[in-house]
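One chain follows as C-alpha coordinates, the form predicted alone.
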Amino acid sequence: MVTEHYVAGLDVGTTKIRTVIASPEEGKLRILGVGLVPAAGLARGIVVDREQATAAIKESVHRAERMAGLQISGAYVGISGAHIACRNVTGRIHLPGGEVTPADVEKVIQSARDNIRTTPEQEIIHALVRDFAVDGEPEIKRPVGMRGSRLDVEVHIVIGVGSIIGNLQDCVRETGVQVLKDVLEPLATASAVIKEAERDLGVMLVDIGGGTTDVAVFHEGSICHTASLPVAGHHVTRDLAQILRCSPEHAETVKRRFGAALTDLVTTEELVPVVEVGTETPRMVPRRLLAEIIQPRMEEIFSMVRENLQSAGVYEAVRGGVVMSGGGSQLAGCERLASVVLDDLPVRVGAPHGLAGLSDSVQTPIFATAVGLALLAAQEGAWAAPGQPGRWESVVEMATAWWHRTVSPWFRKRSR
(Lines give C-alpha, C1' and ligand atoms only; values in the text may rest on other atoms or scores of the structure.)
Protein backbone atom coordinates (compact mmCIF):
# COMPACT_ATOMS: atom_id res chain seq x y z
CA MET A 1 0.00 0.00 0.00
CA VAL A 2 1.38 3.41 -0.99
CA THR A 3 -0.27 6.30 0.84
CA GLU A 4 -1.11 9.30 -1.34
CA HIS A 5 -0.14 11.82 1.32
CA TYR A 6 2.24 11.01 4.08
CA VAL A 7 4.80 12.76 6.26
CA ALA A 8 7.91 11.79 8.17
CA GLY A 9 9.65 13.07 11.30
CA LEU A 10 13.27 12.20 12.12
CA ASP A 11 14.52 12.80 15.67
CA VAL A 12 18.30 12.33 15.73
CA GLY A 13 19.10 12.22 19.44
CA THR A 14 22.30 11.57 21.32
CA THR A 15 21.20 8.17 22.63
CA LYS A 16 18.31 7.16 20.33
CA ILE A 17 17.24 7.86 16.76
CA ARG A 18 13.51 7.81 16.08
CA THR A 19 11.70 7.90 12.75
CA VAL A 20 7.93 8.27 12.45
CA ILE A 21 6.04 7.87 9.16
CA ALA A 22 2.42 8.99 9.26
CA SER A 23 -0.55 10.11 7.19
CA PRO A 24 -3.09 12.85 8.05
CA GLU A 25 -6.56 11.37 8.36
CA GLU A 26 -9.75 13.15 9.49
CA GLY A 27 -7.94 15.67 11.65
CA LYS A 28 -5.64 13.08 13.19
CA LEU A 29 -2.23 11.73 12.40
CA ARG A 30 -2.31 8.04 11.49
CA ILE A 31 0.96 6.39 12.49
CA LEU A 32 2.09 4.00 9.75
CA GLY A 33 5.65 3.13 10.68
CA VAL A 34 8.12 3.63 13.52
CA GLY A 35 11.88 3.14 13.66
CA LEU A 36 13.77 3.23 16.97
CA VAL A 37 17.50 2.41 17.13
CA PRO A 38 20.40 3.25 19.44
CA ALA A 39 22.26 6.36 18.31
CA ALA A 40 25.91 6.31 17.28
CA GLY A 41 28.36 8.99 16.26
CA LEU A 42 26.55 11.77 18.14
CA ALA A 43 27.30 13.73 21.31
CA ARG A 44 25.23 16.55 22.83
CA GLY A 45 23.11 16.70 19.65
CA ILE A 46 26.19 17.11 17.41
CA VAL A 47 27.61 14.70 14.82
CA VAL A 48 31.06 13.52 15.96
CA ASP A 49 31.41 10.47 13.70
CA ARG A 50 29.74 10.93 10.34
CA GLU A 51 29.94 7.29 9.24
CA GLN A 52 28.44 5.92 12.45
CA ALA A 53 25.73 8.59 12.57
CA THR A 54 24.72 7.95 8.96
CA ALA A 55 24.48 4.19 9.54
CA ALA A 56 22.30 4.64 12.63
CA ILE A 57 19.98 7.11 10.88
CA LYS A 58 19.68 4.76 7.90
CA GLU A 59 18.71 1.85 10.14
CA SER A 60 16.04 3.91 11.92
CA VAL A 61 14.56 5.07 8.61
CA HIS A 62 14.76 1.54 7.19
CA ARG A 63 12.80 0.06 10.11
CA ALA A 64 10.04 2.66 9.82
CA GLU A 65 9.82 2.11 6.06
CA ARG A 66 9.49 -1.65 6.43
CA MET A 67 6.71 -1.26 8.98
CA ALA A 68 4.85 1.30 6.87
CA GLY A 69 5.41 -0.44 3.54
CA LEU A 70 6.65 2.87 2.15
CA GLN A 71 9.90 4.38 1.02
CA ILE A 72 10.22 7.95 2.27
CA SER A 73 11.95 10.57 0.16
CA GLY A 74 11.99 13.43 2.68
CA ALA A 75 11.47 14.26 6.34
CA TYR A 76 11.33 17.05 8.88
CA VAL A 77 14.51 16.74 10.93
CA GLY A 78 14.93 17.93 14.52
CA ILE A 79 17.99 19.90 15.56
CA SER A 80 19.34 20.60 19.02
CA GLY A 81 22.58 21.28 20.87
CA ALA A 82 24.39 23.89 22.90
CA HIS A 83 25.21 25.83 19.71
CA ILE A 84 21.55 26.95 19.54
CA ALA A 85 20.78 30.50 20.72
CA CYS A 86 17.63 32.63 20.66
CA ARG A 87 16.69 36.30 20.80
CA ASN A 88 13.51 38.34 20.67
CA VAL A 89 13.78 41.28 18.27
CA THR A 90 11.45 43.88 16.77
CA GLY A 91 11.02 45.27 13.29
CA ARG A 92 9.22 48.35 11.95
CA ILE A 93 8.13 49.68 8.59
CA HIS A 94 5.93 52.53 7.43
CA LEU A 95 2.89 51.81 5.27
CA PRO A 96 2.83 54.13 2.25
CA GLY A 97 -0.44 52.62 1.00
CA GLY A 98 -2.24 53.09 4.32
CA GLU A 99 -3.20 49.40 4.44
CA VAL A 100 -1.21 46.28 5.40
CA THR A 101 -0.45 43.94 2.49
CA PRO A 102 1.17 40.48 2.50
CA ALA A 103 4.29 42.12 1.06
CA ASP A 104 4.35 44.52 4.04
CA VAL A 105 4.25 41.56 6.44
CA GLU A 106 7.22 39.93 4.74
CA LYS A 107 9.07 43.25 4.74
CA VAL A 108 8.58 43.94 8.45
CA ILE A 109 9.66 40.40 9.39
CA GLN A 110 12.78 40.87 7.28
CA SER A 111 13.47 44.14 9.09
CA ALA A 112 13.43 42.20 12.37
CA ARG A 113 15.78 39.59 10.95
CA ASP A 114 18.13 42.36 9.84
CA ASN A 115 18.40 43.51 13.45
CA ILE A 116 20.10 40.23 14.43
CA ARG A 117 23.86 40.26 14.39
CA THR A 118 25.31 36.83 13.72
CA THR A 119 28.89 35.62 13.46
CA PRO A 120 30.09 34.23 10.11
CA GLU A 121 29.52 30.64 11.27
CA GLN A 122 25.95 31.24 12.49
CA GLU A 123 22.70 31.13 10.53
CA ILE A 124 19.06 31.84 11.30
CA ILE A 125 17.02 28.66 11.72
CA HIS A 126 13.64 30.12 12.64
CA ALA A 127 12.05 33.57 12.62
CA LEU A 128 8.84 33.02 14.63
CA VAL A 129 6.37 35.88 14.80
CA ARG A 130 5.05 36.60 18.28
CA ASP A 131 2.65 39.40 17.36
CA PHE A 132 2.18 42.55 15.30
CA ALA A 133 1.21 46.11 16.17
CA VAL A 134 -0.50 48.59 13.84
CA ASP A 135 0.00 52.24 14.77
CA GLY A 136 1.04 51.15 18.25
CA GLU A 137 -1.92 48.83 18.90
CA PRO A 138 -0.34 45.52 20.02
CA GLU A 139 -1.36 41.84 20.07
CA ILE A 140 -2.52 41.73 16.46
CA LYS A 141 -2.18 38.26 14.97
CA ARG A 142 -3.29 38.86 11.34
CA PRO A 143 -2.60 42.43 10.23
CA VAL A 144 -3.22 41.99 6.49
CA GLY A 145 -6.02 44.33 5.35
CA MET A 146 -5.88 46.54 8.43
CA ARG A 147 -5.53 50.31 7.99
CA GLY A 148 -2.60 52.19 9.45
CA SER A 149 0.59 54.11 8.79
CA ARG A 150 3.09 51.97 10.78
CA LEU A 151 3.53 48.24 11.21
CA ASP A 152 5.63 46.71 14.00
CA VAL A 153 6.45 43.08 14.68
CA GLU A 154 8.07 41.11 17.50
CA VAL A 155 9.93 38.02 16.31
CA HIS A 156 11.59 35.16 18.15
CA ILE A 157 14.81 34.39 16.27
CA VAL A 158 16.57 31.04 16.64
CA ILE A 159 20.15 30.80 15.39
CA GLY A 160 22.67 27.97 15.20
CA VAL A 161 26.07 27.09 13.83
CA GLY A 162 25.73 26.36 10.12
CA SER A 163 28.48 23.74 9.93
CA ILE A 164 26.95 21.69 12.77
CA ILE A 165 23.53 21.79 11.11
CA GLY A 166 25.09 21.00 7.74
CA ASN A 167 26.89 17.92 9.09
CA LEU A 168 23.58 16.49 10.32
CA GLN A 169 21.90 17.31 7.01
CA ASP A 170 24.67 15.50 5.12
CA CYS A 171 24.21 12.38 7.26
CA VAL A 172 20.48 12.35 6.56
CA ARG A 173 20.92 12.92 2.81
CA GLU A 174 23.42 10.07 2.58
CA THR A 175 20.60 7.73 3.60
CA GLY A 176 18.59 8.82 0.56
CA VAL A 177 16.24 11.07 2.56
CA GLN A 178 16.01 14.79 1.83
CA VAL A 179 15.80 17.29 4.68
CA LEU A 180 12.50 19.03 3.95
CA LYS A 181 12.98 21.36 6.91
CA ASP A 182 15.18 21.75 9.98
CA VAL A 183 13.06 22.24 13.10
CA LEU A 184 14.26 23.15 16.57
CA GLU A 185 13.41 20.10 18.65
CA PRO A 186 11.55 21.82 21.53
CA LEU A 187 9.24 23.47 18.99
CA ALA A 188 8.43 20.08 17.50
CA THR A 189 7.97 18.50 20.92
CA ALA A 190 5.66 21.29 22.02
CA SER A 191 3.38 20.71 19.04
CA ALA A 192 2.84 17.14 20.24
CA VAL A 193 2.44 17.58 24.01
CA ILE A 194 1.38 21.15 24.88
CA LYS A 195 -2.25 22.27 24.77
CA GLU A 196 -3.44 25.58 23.36
CA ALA A 197 -4.81 26.74 26.71
CA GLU A 198 -1.40 26.16 28.29
CA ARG A 199 0.29 28.26 25.60
CA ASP A 200 -2.09 31.11 26.31
CA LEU A 201 -1.63 31.00 30.06
CA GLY A 202 2.13 30.59 29.97
CA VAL A 203 3.87 27.22 30.00
CA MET A 204 7.40 25.83 30.11
CA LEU A 205 8.44 22.74 28.14
CA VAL A 206 11.37 20.77 29.57
CA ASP A 207 12.45 17.98 27.22
CA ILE A 208 15.10 15.82 28.93
CA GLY A 209 16.86 13.90 26.20
CA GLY A 210 20.06 11.92 26.22
CA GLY A 211 22.65 14.63 25.56
CA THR A 212 20.72 17.88 26.01
CA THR A 213 17.77 19.26 27.94
CA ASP A 214 15.72 21.44 25.60
CA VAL A 215 13.57 24.24 26.98
CA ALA A 216 10.82 26.31 25.41
CA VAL A 217 8.55 28.92 27.01
CA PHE A 218 5.21 29.97 25.56
CA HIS A 219 3.28 33.03 26.75
CA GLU A 220 0.03 34.48 25.44
CA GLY A 221 -0.08 31.88 22.71
CA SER A 222 3.37 32.45 21.22
CA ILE A 223 6.95 31.36 21.77
CA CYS A 224 9.08 33.73 23.84
CA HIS A 225 12.17 31.70 24.80
CA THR A 226 14.10 28.61 23.70
CA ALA A 227 17.32 27.08 24.99
CA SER A 228 19.35 23.88 24.87
CA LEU A 229 21.25 22.94 28.03
CA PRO A 230 24.21 20.51 27.85
CA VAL A 231 23.15 18.28 30.76
CA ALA A 232 20.61 15.48 30.40
CA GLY A 233 19.88 11.79 30.81
CA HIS A 234 23.27 10.61 29.54
CA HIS A 235 24.92 12.38 32.47
CA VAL A 236 22.69 10.49 34.91
CA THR A 237 23.72 7.23 33.27
CA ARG A 238 27.38 8.18 33.42
CA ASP A 239 27.12 9.00 37.13
CA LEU A 240 25.63 5.58 37.81
CA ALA A 241 28.28 3.81 35.73
CA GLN A 242 31.14 5.55 37.52
CA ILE A 243 29.89 5.08 41.07
CA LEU A 244 28.54 1.55 40.60
CA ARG A 245 31.57 0.52 38.50
CA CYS A 246 29.45 -0.92 35.69
CA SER A 247 29.29 -0.42 31.94
CA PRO A 248 27.28 2.51 30.56
CA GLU A 249 24.93 0.05 28.85
CA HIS A 250 24.24 -1.78 32.11
CA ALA A 251 23.89 1.53 33.97
CA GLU A 252 21.22 2.61 31.47
CA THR A 253 19.32 -0.63 32.03
CA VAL A 254 19.54 -0.28 35.81
CA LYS A 255 18.40 3.34 35.58
CA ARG A 256 15.34 2.46 33.50
CA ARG A 257 14.30 -0.52 35.63
CA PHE A 258 15.08 0.67 39.14
CA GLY A 259 15.97 4.37 39.01
CA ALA A 260 14.13 7.11 40.91
CA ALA A 261 14.60 10.86 41.00
CA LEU A 262 13.60 11.09 44.68
CA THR A 263 15.17 9.16 47.53
CA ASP A 264 11.93 9.47 49.50
CA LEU A 265 10.28 7.01 47.10
CA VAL A 266 12.71 4.19 47.86
CA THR A 267 13.05 2.12 51.02
CA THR A 268 16.43 1.20 52.45
CA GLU A 269 15.61 -2.51 52.43
CA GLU A 270 15.05 -2.95 48.68
CA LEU A 271 18.03 -4.40 46.79
CA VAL A 272 18.75 -4.51 43.03
CA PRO A 273 21.31 -6.51 41.01
CA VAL A 274 24.30 -4.68 39.49
CA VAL A 275 27.00 -6.32 37.36
CA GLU A 276 30.37 -4.63 37.82
CA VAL A 277 32.84 -4.33 34.94
CA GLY A 278 35.06 -7.42 34.72
CA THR A 279 32.61 -9.68 36.55
CA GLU A 280 29.68 -11.85 35.54
CA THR A 281 27.93 -12.40 38.85
CA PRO A 282 25.71 -9.49 39.91
CA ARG A 283 26.07 -7.99 43.36
CA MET A 284 23.10 -6.65 45.25
CA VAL A 285 23.08 -2.94 46.06
CA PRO A 286 20.43 -0.84 47.83
CA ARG A 287 17.98 0.69 45.39
CA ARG A 288 18.12 3.81 47.52
CA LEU A 289 21.76 4.23 46.46
CA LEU A 290 20.60 4.62 42.86
CA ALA A 291 18.22 7.39 43.90
CA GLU A 292 20.98 9.06 45.92
CA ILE A 293 23.09 9.16 42.75
CA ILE A 294 20.29 10.24 40.42
CA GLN A 295 18.59 12.94 42.50
CA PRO A 296 21.51 15.44 42.66
CA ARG A 297 21.97 15.32 38.88
CA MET A 298 18.25 15.79 38.22
CA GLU A 299 18.19 18.68 40.72
CA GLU A 300 21.08 20.21 38.77
CA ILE A 301 19.13 19.95 35.51
CA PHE A 302 16.04 21.65 36.93
CA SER A 303 18.17 24.31 38.64
CA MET A 304 19.86 25.08 35.31
CA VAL A 305 16.44 25.38 33.68
CA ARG A 306 15.29 27.84 36.34
CA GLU A 307 18.50 29.91 36.10
CA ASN A 308 18.25 30.01 32.31
CA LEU A 309 14.69 31.31 32.39
CA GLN A 310 15.46 33.82 35.13
CA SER A 311 18.41 35.17 33.13
CA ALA A 312 16.15 35.54 30.10
CA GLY A 313 13.50 37.36 32.17
CA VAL A 314 10.72 34.89 31.31
CA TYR A 315 10.48 32.77 34.46
CA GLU A 316 7.59 34.81 35.89
CA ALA A 317 5.61 34.28 32.67
CA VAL A 318 5.21 30.55 33.39
CA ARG A 319 1.86 30.62 35.18
CA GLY A 320 0.46 27.54 33.46
CA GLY A 321 3.12 25.22 34.84
CA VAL A 322 5.61 22.81 33.37
CA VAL A 323 5.25 20.05 30.79
CA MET A 324 8.08 17.52 30.78
CA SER A 325 8.97 15.15 27.98
CA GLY A 326 11.84 12.98 26.77
CA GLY A 327 13.23 9.78 28.25
CA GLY A 328 14.55 11.53 31.37
CA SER A 329 11.03 12.55 32.38
CA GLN A 330 10.04 8.92 32.94
CA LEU A 331 12.09 8.47 36.11
CA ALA A 332 9.91 7.83 39.13
CA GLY A 333 9.43 11.01 41.16
CA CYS A 334 10.64 13.28 38.37
CA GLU A 335 7.48 15.40 38.41
CA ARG A 336 7.64 15.96 42.17
CA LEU A 337 11.31 16.87 42.11
CA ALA A 338 10.82 19.31 39.24
CA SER A 339 7.98 21.02 41.10
CA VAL A 340 10.11 21.42 44.23
CA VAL A 341 13.08 22.93 42.37
CA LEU A 342 10.85 25.12 40.19
CA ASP A 343 9.14 26.83 43.12
CA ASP A 344 6.11 24.52 43.37
CA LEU A 345 4.92 25.06 39.81
CA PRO A 346 2.47 22.37 38.65
CA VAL A 347 4.28 19.73 36.57
CA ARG A 348 2.98 17.01 34.28
CA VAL A 349 4.63 14.56 31.90
CA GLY A 350 3.44 15.04 28.33
CA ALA A 351 3.08 12.38 25.63
CA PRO A 352 1.66 12.56 22.09
CA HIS A 353 -2.11 12.24 21.96
CA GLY A 354 -4.96 12.33 19.45
CA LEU A 355 -3.30 9.82 17.12
CA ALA A 356 -4.59 6.89 15.06
CA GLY A 357 -3.07 3.80 13.47
CA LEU A 358 -0.09 2.42 15.37
CA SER A 359 -0.58 5.06 18.06
CA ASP A 360 0.34 2.70 20.90
CA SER A 361 3.88 2.62 19.52
CA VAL A 362 4.47 6.34 20.03
CA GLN A 363 2.25 7.45 22.91
CA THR A 364 5.23 7.91 25.20
CA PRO A 365 7.39 10.95 26.02
CA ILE A 366 10.40 9.50 24.18
CA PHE A 367 8.55 9.80 20.85
CA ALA A 368 7.19 13.30 21.43
CA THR A 369 9.76 15.05 19.22
CA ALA A 370 9.46 12.64 16.28
CA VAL A 371 5.66 12.79 16.37
CA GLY A 372 5.79 16.58 16.69
CA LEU A 373 8.00 16.79 13.60
CA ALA A 374 5.47 14.72 11.63
CA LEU A 375 2.61 16.90 12.93
CA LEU A 376 4.37 20.08 11.78
CA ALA A 377 5.07 18.53 8.39
CA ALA A 378 1.37 17.68 8.05
CA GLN A 379 0.27 21.17 9.11
CA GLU A 380 2.58 22.75 6.52
CA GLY A 381 1.73 20.27 3.77
CA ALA A 382 5.30 19.00 3.48
CA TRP A 383 4.43 15.71 1.81
CA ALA A 384 7.17 13.21 1.15
CA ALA A 385 6.62 12.07 -2.45
CA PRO A 386 5.55 8.40 -2.52
CA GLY A 387 8.18 6.03 -3.86
CA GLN A 388 7.98 2.36 -4.69
CA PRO A 389 6.90 0.13 -1.84
CA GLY A 390 9.78 -1.22 -0.22
CA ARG A 391 13.37 -1.85 0.15
CA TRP A 392 11.90 -5.22 1.14
CA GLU A 393 14.44 -7.86 1.99
CA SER A 394 12.00 -10.76 2.05
CA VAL A 395 8.36 -11.74 1.73
CA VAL A 396 8.34 -12.30 5.50
CA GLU A 397 9.16 -8.61 6.10
CA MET A 398 6.32 -7.56 3.79
CA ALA A 399 3.88 -9.80 5.65
CA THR A 400 5.13 -8.46 9.00
CA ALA A 401 4.55 -4.87 7.88
CA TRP A 402 1.03 -5.74 6.67
CA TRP A 403 0.29 -7.37 10.04
CA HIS A 404 1.43 -4.29 11.98
CA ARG A 405 -0.68 -1.97 9.80
CA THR A 406 -3.93 -3.94 9.69
CA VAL A 407 -4.41 -7.07 11.77
CA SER A 408 -2.53 -6.05 14.93
CA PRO A 409 -4.50 -2.77 15.44
CA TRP A 410 -7.77 -4.72 14.98
CA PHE A 411 -6.77 -7.20 17.71
CA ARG A 412 -5.81 -4.35 20.07
CA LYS A 413 -9.21 -2.73 19.59
CA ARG A 414 -11.03 -6.05 20.18
CA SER A 415 -9.09 -6.65 23.42
CA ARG A 416 -10.07 -3.32 24.98
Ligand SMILES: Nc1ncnc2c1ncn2[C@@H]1O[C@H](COP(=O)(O)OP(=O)(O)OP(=O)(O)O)[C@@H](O)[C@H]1O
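All figures in this text were calculated on a predicted structure; none of them were measured in a lab. The first residue of the shown sequence is 1; numbering continues from there.
Quick note: we don't show the form predicted together with the named molecule, though the next part is all about it.
Asker: Out of 140-148, 310-318, 202-210, 124-132, where are the residues with a heavy atom within 4.5 Å of the named molecule in the model of the complex?
Answerer: That would be 202-210.
Asker: Tell me, out of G162, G333, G327, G91, which residue has a non-hydrogen atom within 4.5 angstroms of the named molecule in the model of the complex.
Answerer: Contact with the named molecule in the model of the complex is made by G327 alone.
Asker: Only one of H83, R287, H234, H219 has a non-hydrogen atom within 4.5 angstroms of the named molecule in the model of the complex; which is it?
Answerer: Flagged contact: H234.
Asker: Does any part of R87 reach within 4.5 Å of the named molecule in the model of the complex? Heavy atoms only, please.
Answerer: Although the named molecule is absent here, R87 would stay clear of it in the model of the complex, with no heavy atoms inside 4.5 Å.
Asker: In the model of the complex, does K195 have a heavy atom within 4.5 Å of the named molecule?
Answerer: Output for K195 is no: heavy atoms all beyond 4.5 Å of the named molecule.
Asker: Even though the named molecule is not shown here, does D152 get within 4.5 Å of it in the model of the complex, heavy atoms only?
Answerer: Judged by the heavy-atom cut-off of 4.5 Å, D152 is well away from the named molecule in the model of the complex.
Asker: With a cut-off of 4.5 Å between heavy atoms, is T15 one of the residues that contacts the named molecule in the model of the complex?
Answerer: Answer yes; at least one heavy atom of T15 falls within 4.5 Å of the named molecule in the model of the complex.
Asker: Looking in the model of the complex, is the named molecule within 4.5 Å of a heavy atom from each of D11, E252 and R256?
Answerer: Yes, because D11, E252 and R256 each have a heavy atom that approaches the named molecule to within 4.5 Å in the model of the complex.
Asker: Going through 169-196 from first to last, which residues have a non-hydrogen atom within 4.5 Å of the named molecule in the model of the complex?
Answerer: Heavy-atom contacts to the named molecule in the model of the complex: only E185.
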